[in-house]
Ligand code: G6P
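A lone chain, given as structure tokens: the form predicted alone.
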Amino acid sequence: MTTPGTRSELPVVLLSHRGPVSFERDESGDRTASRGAGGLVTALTGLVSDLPDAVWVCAADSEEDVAVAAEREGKAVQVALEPEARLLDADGDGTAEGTPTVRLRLVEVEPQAHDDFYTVIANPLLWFLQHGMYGLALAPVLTKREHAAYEDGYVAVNRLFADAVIEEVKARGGRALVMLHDYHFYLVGQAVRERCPEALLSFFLHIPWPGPDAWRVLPPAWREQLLTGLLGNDVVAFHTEGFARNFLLCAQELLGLPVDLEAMTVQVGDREVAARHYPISIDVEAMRELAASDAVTGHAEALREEFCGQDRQLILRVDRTDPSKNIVRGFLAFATMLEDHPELAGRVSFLALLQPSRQDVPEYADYLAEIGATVARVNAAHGGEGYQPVDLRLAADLDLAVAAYTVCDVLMVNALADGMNLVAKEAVVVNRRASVLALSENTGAHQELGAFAVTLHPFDVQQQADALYEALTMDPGLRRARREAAARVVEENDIAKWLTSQLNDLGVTPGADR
């Protein structure tokens, strides 16, 4: 670790699989640019756009991304962010002074290598392992296919991105703050350290990190490579203290390294690597501005008319159709509640706004089919004339989701495991109906908001049914007090604090005058 203030002038090289801007062609054949959504992209884009010598390395995710990269011979391109995203010419001309821009290094990955890297190793293998989703009796099964995908996909693609990061660091004199993000790039840190020893390396993981026994699913050589790769960083950061502690225990038990659980460090040769936790949050002001927009308020009015009149109540969930989100058990819990409390039939609806996710991965496609089948069974068993208990909508519509946040009576988040879960934080800061948060104890968000939520035990369908009933029948004054208290926690610990805390601990103050 560094002493605060000692590296305040370091340029930033940022790496994530998805970038802040993507390119496509419209119906007229003209190139378009669109900005990524979400608090993480917003925060990191703000950091990079404030620094004249910063660059964001990411995958070329579309054919047009590849074309843009080829036009610049693989070098970074400059993109203006306001009033809308657009690609600038090679000299960066054509923008007004003060217009925020970002330098973007788009890395092209050969399709077969990317498929091995992403759809065989990163998803589902690492994702399932780290979310505790394998039953182990029958899965996973590691064959020649997985071994080849690990070497030709995960290792090769990590090497490709490490080369891009190293080139950008060397272009900045070999000294830079390198900020690496997520489970796609466990091997990059060590590769960068070996060739850029003066760089300051920080890695942030956005998903859970389980204890040592979970990692024994992987061949010893793989898990040792993954851990060694992460230990090439100066700081390895997580959303919760528990995940950080699990990481240290893995270093101790799987690699035999000395750790200090009080200081939260591990000794790697003559280096000390710190494990830290920074709970990510949202841009509260931006979320509330969106909630007040005409598009959102129009949706909200329609939802209130459909679901909330005449003492009716609305349960909401907003999720990707990822098996880790535990959607099927959530519907079963709702059905159980209706069986236990038949007086609620016709009075309580369950609106599920679900975004299909990773349908190129068989497990995800199968899970989506099971979601649809479960909803059909629940509606057949508990529906009646003019009443459909579950309203399932498969779409990615942010305006509709935020509108639903504002009018729901209960937000259900019953994930099997989740690094954080930002849906819970988004909903509590914009809800206008004294909503109750029904929150899985296995989410990172539960550490911050659990005291103001009805806790869900994600494998216990009966308990979840009882918790939903408790939420729906809670005293209105208590509902309001809990939601307001949860909102204050999110307001005080927003996305800006998440980023600033990391930079302060690293002893780096780029953009301090923002």
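If you're wondering where the values come from, they're calculated on a predicted model, not measured in any experiment. We number the residues from 1 along the sequence you see.
A second form of this protein, the form predicted in complex with ligand G6P, is not displayed here; the remarks below concern that form.
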item: In the predicted complex, the residue from 317, 184, 105, 299 that sits within 4.5 Å of ligand G6P by heavy atoms; value: 184
item: Position in contact with ligand G6P when the complex is considered in the predicted complex, options 278, 127, 222, 331, heavy atoms within 4.5 Å; value: 127
item: Interface stretch in the predicted complex with ligand G6P - options 205-213, 392-400, 149-157, 250-258, non-hydrogen atom within 4.5 Å; value: 205-213
item: Ligand G6P contact in the predicted complex: residue 497, any heavy atom under 4.5 Å; value: no
item: Non-hydrogen atom contact residue 358 with ligand G6P in the predicted complex at 4.5 angstroms; value: yes
item: Residue contact check: residue 265 to ligand G6P in the predicted complex, 4.5 Å heavy atom; value: no
item: Contact label in the predicted complex: residue 307 to ligand G6P, heavy atom within 4.5 Å; value: no
item: In the predicted complex: members of 367-400 within 4.5 Å of ligand G6P, any heavy atom; value: none
